Ligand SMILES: Cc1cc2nc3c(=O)[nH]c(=O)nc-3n(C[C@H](O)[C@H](O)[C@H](O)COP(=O)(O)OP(=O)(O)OC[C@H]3O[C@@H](n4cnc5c(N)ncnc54)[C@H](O)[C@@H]3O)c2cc1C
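Single chain ahead, by itself, as structure tokens, in the form predicted on its own.
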Amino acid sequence: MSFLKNIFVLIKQVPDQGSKAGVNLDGTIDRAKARRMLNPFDRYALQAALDAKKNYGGQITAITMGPPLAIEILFEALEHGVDNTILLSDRSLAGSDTWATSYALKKTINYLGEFDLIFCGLQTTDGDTAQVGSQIAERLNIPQITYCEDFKIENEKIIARRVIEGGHQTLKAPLPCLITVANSYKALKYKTIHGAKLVQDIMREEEKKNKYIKILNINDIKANPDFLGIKGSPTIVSKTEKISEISGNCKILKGSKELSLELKEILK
């Protein structure tokens, strides 16, 4: 059955976990010094969006907020099969906490118009708060289902299996709805040949790039700058510390009768 029209998937570029990003004086991550990657949790959200399109139709728009270099993960999303992408990029967004980020993304979604489903990852590896998806749903005044590991759509309602401690819940919600996808969902599949060719064409042709990648600023989405960046963020990082790596050693004891006495002295 094909009845969905618009599916949005929110993705983010984060520092590669294997790189040393460092921290700025204001407590924010120094992203310029880090290698970059698609947030691992967002890979499950991207696959869920692709599954929704395959089973129920619609067009997928991948949305990200970040500096100009964040366009890299939009190329990656196109390679996997999304239809359109949005990059919200503006200096006023720098240092935004989850509250300011959810406001900016909500305004972006309002700019894009009607939608049936929004998919998000559970959290990001650079923030680890798991707040943005829920805050967006609240700002949009739509139902939300978190920790979703499977779903189907029947009679314009989404029926989702939600992970809880010791088991799962089955929930039903009307559309439009926001879903945060658990990492027990299916892993992201390989990039498509069509998607890879499309990105190659986009790299060569500016006209094609403008068709598939739209770059917005805060004026485009009519966002109030007072609600963005460090100025619009109620969360304040008062102090950051670098925790040194903890190392240890192992001592192997051999023996029989004397072993317990030796071990006793070591533990003392």
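This is a predicted model, so every value here is computed, not measured. A residue's number is simply how far along the shown sequence it sits, counting from 1.
Not pictured, yet referred to below: the form predicted together with the ligand.
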(Q) Even though the partner isn't displayed, in the predicted bound form is Ile60 close enough to the ligand, meaning a heavy atom within 4.5 Å? (A) no
Indicate whether Tyr147 is a 4.5 Å heavy atom neighbour of the ligand in the predicted bound form. yes
Q) Using heavy atoms and a 4.5 Å limit, would one call Asp128 a contact residue for the ligand in the predicted bound form? A) yes
Review point. Is Asn84 close enough to touch the ligand in the predicted bound form, meaning at least one heavy atom pair within 4.5 Å?
Key: no
The ligand in the predicted bound form has a heavy atom of only one listed residue within 4.5 Å, and of Leu198, Leu140, Ile153, Leu122 that residue is Leu122
Residue within 4.5 Å of the ligand in the predicted bound form by heavy atom, from Val163, Ala173, Ile71, Leu188, is Val163
Only one of 217-225, 201-209, 47-55, 63-71 sits within 4.5 Å of the ligand in the predicted bound form by heavy atom distance, namely 63-71
TODO: Verify the flagged residues Pro15, Ser89 and Asn110 against the ligand in the predicted bound form: is each one within 4.5 Å by a non-hydrogen atom?
DONE: no
Contact check, 163-200 vs the ligand in the predicted bound form, heavy atom within 4.5 Å, ordered by sequence, gives Val163, Ala182, Asn183, Ser184
